[in-house]
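As structure tokens, one chain now follows by itself in the form predicted on its own.
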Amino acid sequence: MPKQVTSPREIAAKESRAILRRAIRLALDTESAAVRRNTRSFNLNRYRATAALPDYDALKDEARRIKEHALVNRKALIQRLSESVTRNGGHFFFARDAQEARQYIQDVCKRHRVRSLVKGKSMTSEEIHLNGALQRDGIRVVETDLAEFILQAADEQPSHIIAPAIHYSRERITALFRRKFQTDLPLDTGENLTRFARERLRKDFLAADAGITGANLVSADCGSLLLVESEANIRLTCIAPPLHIALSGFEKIVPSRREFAPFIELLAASATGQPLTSYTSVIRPPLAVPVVDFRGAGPATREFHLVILDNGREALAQDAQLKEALYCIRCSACLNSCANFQVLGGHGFGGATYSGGIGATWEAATTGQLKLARFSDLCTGCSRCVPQCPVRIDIPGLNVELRSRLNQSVPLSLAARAMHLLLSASPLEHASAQQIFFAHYDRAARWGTLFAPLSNFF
């Protein structure tokens, strides 16, 4: 018999499954206990916070309506936002992809001779791999969110949307800091670890030439940013350096600041279980406050740049089955409520940037590679996440659609065809032999009873 030739698509599918298996094993070995403990804490806090909202369901309906309207009118809102930012004295740039966004930010930093910059937590900057590009230009990049500071020290990617280091226990952080920073300071409590990070970061804030942030929402009418945080590091990132660059996907744009209101209530309750996050800022940059000369570089004026990113979002917006992923407000309630995520965390149940059930659609859309959504297989469709989502996204439905497309992207094997002929009465299914077997387990059992000795042998 001639040797069967494996197609590139089949090879890619096998490789993506192998990578997923390795990530799962690593997560089970080193991260599960911390992830389970931390997600359960988030869940308890969220239950209390949402129960205290008398109009919780009405807020969710309003938030979804705002997102739907903004998505339909996205092109007009982007144009209006551009005019608002320019009118305020800022600079606006629309980036079609990650390369354009990186290049624009790099050019701005080069013009300002930026040597060091501070960053607020931003999944969008992770999406475009911004840190590495800036570091290759010789710029020192400092993550100022405590969890991101931990991961930068460990040289690891985030594993959660709002708690990037959720997979770390306090003991592992202590060992990391002692090894990375060569210190004998007492680091055996959360308070000591926080104090250590704060004292190091304060110097970086005062020496920074630029600050980069994301945005929870952006208002098209006046160019205001909503920034929600727990540590005040984002405020310092906006205020301490003279140059502020904000990076956001266009799905964060809403018509006006009035639409911020329901999201402020829902985001705090859904994300951290607080009535209001510790620091909730609505700013309209460039800020009308003087620049304090911490760096000894002489007088400086404030400059602001807003980079709005497409990077697969427009294609997602035109996808009838997947477009509601753009309603996501990055609260992570779906991750915390997911039984599989509670065990694996985002390194096992996630991609290079986005994690959890909602992350698979985002990973496929922003990379343009469907195979990178393979971790959608880990969504069991239990729907625990759906009532927890503040904008009512049908996350299991997204993952069913992704799995269907993944199956159709790989030619059917001979084993799958044989299994389909034996067990299925439906049209030919694009699925593996294993998937077809378990989808028609009742028929397999009936066949098995007819040939019991042979079935028992197998």
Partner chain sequence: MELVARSPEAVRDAVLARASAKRPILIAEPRYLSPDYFRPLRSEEGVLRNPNAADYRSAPVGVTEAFAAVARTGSVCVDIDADIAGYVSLLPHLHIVVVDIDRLVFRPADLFRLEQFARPTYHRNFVFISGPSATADMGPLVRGVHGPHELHIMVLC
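Numbering follows the first chain given and starts at 1. Bear in mind the structure is a predicted one, so any value in this text is a computation, not a measurement.
Heads up, the form predicted together with its partner chain isn't pictured, but that's what we're talking about next.
> Find the only residue in F250, Y327, F177, F304 having a heavy atom within 4.5 Å of its partner chain in the model of the complex.
Spelling it out, the residue with a heavy atom inside the cut-off is F177.
> By the heavy atom within 4.5 Å rule, which residue out of V141, L193, L217, I128 makes contact with its partner chain in the model of the complex?
It is L193.
> Is P54 close enough to its partner chain in the model of the complex to count, meaning some heavy atom within 4.5 Å?
P54: yes, in contact with its partner chain in the model of the complex.
> Just to confirm, F94 within 4.5 Å of its partner chain in the model of the complex by heavy atoms?
Although its partner chain is absent here, F94 would stay clear of it in the model of the complex, with no heavy atoms inside 4.5 Å.
> Report whether the minimum heavy atom distance between E231 and its partner chain in the model of the complex is within 4.5 Å.
Within the cut-off, so yes.
> Does the 4.5 Å heavy atom contact test between F205 and its partner chain in the model of the complex come out positive?
The answer is yes: F205 has a heavy atom within 4.5 Å of its partner chain.
> Name the stretch, out of 263 to 271, 129 to 137, 368 to 376, 346 to 354, where some heavy atom lies within 4.5 Å of its partner chain in the model of the complex.
In the other structure, the partner sits against 263 to 271.
> In the model of the complex, does each of L322, C338 and R417 have a heavy atom within 4.5 Å of its partner chain?
Verified in the model of the complex; spot residues all out of contact, no.
> Only counting heavy atoms and a 4.5 Å limit, does any residue of 316 to 332 reach its partner chain in the model of the complex, and if so which ones?
Counting only heavy atoms within 4.5 Å of its partner chain in the model of the complex, no residue of 316 to 332 makes contact.
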